[in-house]
Ligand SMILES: NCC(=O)COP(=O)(O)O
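Next up: a single chain in structure tokens, the form predicted on its own.
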Amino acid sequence: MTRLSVNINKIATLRNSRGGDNPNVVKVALDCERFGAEGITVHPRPDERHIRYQDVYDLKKVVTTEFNIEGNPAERKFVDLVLANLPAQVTLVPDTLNAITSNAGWDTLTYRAQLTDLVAEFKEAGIRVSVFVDADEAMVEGAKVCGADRVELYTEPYALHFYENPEKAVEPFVRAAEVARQVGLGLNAGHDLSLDNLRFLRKNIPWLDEVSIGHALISDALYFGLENTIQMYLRELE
């Protein structure tokens, strides 16, 4: 079964927009778990515009499902944060400081040496390592060479073209997923997945280990409620 990890960055964005601690990200994370989520994802950035570094420490104390910390390891501060909290999984994402959101995967060939060293450091600490990549077979193979345990396919292109031609949109992701399976990598997916496109992706790549969903899920929760929304997403993964 494909696991659902809820990215709670948008909860932190809402909290930070007003100051104070409402909504409380720890309470929301615990509620997500109680409502059926099988993982909690956070993506702290150096400017702490949503998830703060302290949030990671607070969440580590209470999250009982899989805790996944995403981020760019270019800054040692992020690496140290992950090593101090020992999540179940770290997802390495090459986002730039000023990017609104992640918008590309790693070039695992160009950054092979850097990624290899980072993967080894995290794995030595007992952390599963996933590398964020585009739906490109060479980049998937490169992640394997770097020693990664999994890849996370960057699915915005799939979501963007889904309404025009879902079969064509999913094709490169199926090919990349097949390569991941052939070389022995676990497989995650994330970015712009929603109630509209999630089932079709899962149908075409049934061996997906995990999807990480934040923006669409939290937006849907405004209409459907958080508990109902999580159950709706879980049903799409059945």
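For clarity, every value in this text was computed on a predicted model and none was experimentally measured. Residue indices: 1-based, along the sequence shown.
This protein has a second form, the form predicted together with the ligand, left out of what is shown; the following refers to that one.
- The binding site of this unliganded chain is open: after the ligand is superimposed from its pose in the predicted complex, not a single one of its atoms comes within 2.4 Å of the backbone or a C-beta atom.
- Heavy atoms within 4.5 Å of the ligand in the predicted complex are found in exactly one of 28-36, 207-215, 56-64, 165-173, that being 207-215.
- By the criterion of a heavy atom within 4.5 Å, T2 is excluded from the residues contacting the ligand in the predicted complex.
- Proximity of E178 to the ligand in the predicted complex: non-hydrogen atoms within 4.5 Å are absent; the residue sits far from the partner.
- For the stretch 17-54, the set of residues having any non-hydrogen atom within 4.5 angstroms of the ligand in the predicted complex comprises only T41.
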